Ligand SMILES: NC(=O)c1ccc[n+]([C@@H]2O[C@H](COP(=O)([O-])OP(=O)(O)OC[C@H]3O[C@@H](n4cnc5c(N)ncnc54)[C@H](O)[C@@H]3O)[C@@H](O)[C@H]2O)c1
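Have a look below at one chain only, the form predicted on its own, in structure tokens format.
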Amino acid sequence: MKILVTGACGFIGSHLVEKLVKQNHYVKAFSFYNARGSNGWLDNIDNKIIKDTNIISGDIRDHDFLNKHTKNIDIIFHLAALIGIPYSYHAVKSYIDTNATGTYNILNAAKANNISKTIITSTSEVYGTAQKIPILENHPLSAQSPYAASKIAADQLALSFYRSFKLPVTIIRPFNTFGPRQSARAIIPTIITQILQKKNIVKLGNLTPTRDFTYIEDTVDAFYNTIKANKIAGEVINIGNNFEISIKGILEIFKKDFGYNFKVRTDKKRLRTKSSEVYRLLASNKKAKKILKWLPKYSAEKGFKEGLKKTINWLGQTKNLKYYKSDIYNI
């Protein structure tokens, strides 16, 4: 298969590129253009993988660029997005331009070039605080941040292209993926980097929200399974563990199971307003199991702890930890 991955330089994207190349697919990997010539996390993966990857620098906001590079492609995995929720409060239009308009450009290019499958990456944030548990794909959408609103717009655009033009689009909706290479803006690397950098006090925001965490290997497997899956056009599919834990619960694991000793201090800069905070997320993954034949290997509390150990070990390597600045809160 000839496969295009947007957002290939990021957390999930770089892992997906690795998986696809190892499975002998031709991969064209989009990396966000920058003056330093950096390809993000693609610069840190095995050289053997990179040699077999066609890396293209560009910008999904450029329609002509996308139209050119999607010719003769079988499948598009669209993962490129602005993802930091706090920054979306400060730069709303940037999120609209990248997440909504960028997705529109992908859909238009897929339509023009008759792409057989276009996989759009959504987020559990589009649901807002859960109204019903577990969250099914038909749960009401409720944007509690500009980031979530931009992703809802992207999802609805994708579904409109399926309904209006028969474009074979599928929306994959990961809940909270974690693991090696995740941005320090996320809760798990935020905790781990502060601990590993010998911080006696870990600075965090609200400890009460619960999340459904999925280890990166499982999330990538779900994306990969869409390649052979049948009758998924027009579908929205949750990717979650169906396991719920609070931020406080994660901290207890670090102390009781892993033996770390630290105190927690509330950092007001890390707090979302009450109306913007998503307090509870728990996925129903029945649909993913049924139509993608997907089962999380790192399941329930045992699997979550195993994923945490792997993430700690990866971040514990000096060559990886150097990329993280635990004291800086990035808006």
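In case it trips you up, residue 1 is the first one in the sequence shown, and so on. Here the structure is a predicted model, which means the values were calculated and not measured.
Heads up, the form predicted in complex with the named molecule isn't pictured, but that's what we're talking about next.
Novice: Counting non-hydrogen atoms within 4.5 angstroms of the named molecule in the predicted complex, say which of A288, L281, A29, I60 makes the cut.
Specialist: Of the candidates A288, L281, A29, I60, I60 is the one lying within 4.5 Å of the named molecule in the predicted complex.
Novice: Just give me the single entry in N238, Q182, T118, N241 that has a non-hydrogen atom within 4.5 angstroms of the named molecule in the predicted complex.
Specialist: Comparing distances to the named molecule in the predicted complex, the residue within 4.5 Å is Q182.
Novice: Flag P189 as yes or no: does it have a non-hydrogen atom within 4.5 angstroms of any non-hydrogen atom of the named molecule in the predicted complex?
Specialist: Taking the distances in the predicted complex, the answer for P189 is no, it never comes within 4.5 Å of the named molecule.
Novice: Against the named molecule in the predicted complex, would G10 count as a contact residue? Criterion: heavy atoms within 4.5 Å.
Specialist: Flag for G10 set to yes.
Novice: Against the named molecule in the predicted complex, would A130 count as a contact residue? Criterion: heavy atoms within 4.5 Å.
Specialist: Output for A130 is no: heavy atoms all beyond 4.5 Å of the named molecule.
Novice: Looking at the partner-bound form in the predicted complex, is F161 within 4.5 Å of the named molecule by any heavy atom?
Specialist: Judged by the heavy-atom cut-off of 4.5 Å, F161 is well away from the named molecule in the predicted complex.
Novice: Counting only heavy atoms and a 4.5 Å cutoff, which of 229-237, 137-145, 257-265, 73-81 contacts the named molecule in the predicted complex?
Specialist: The contacting stretch here is 73-81.
Novice: Could you list which residues of 119-145 come within 4.5 Å of the named molecule in the predicted complex, counting heavy atoms only?
Specialist: Heavy-atom contacts to the named molecule in the predicted complex: T121, S122, T123.
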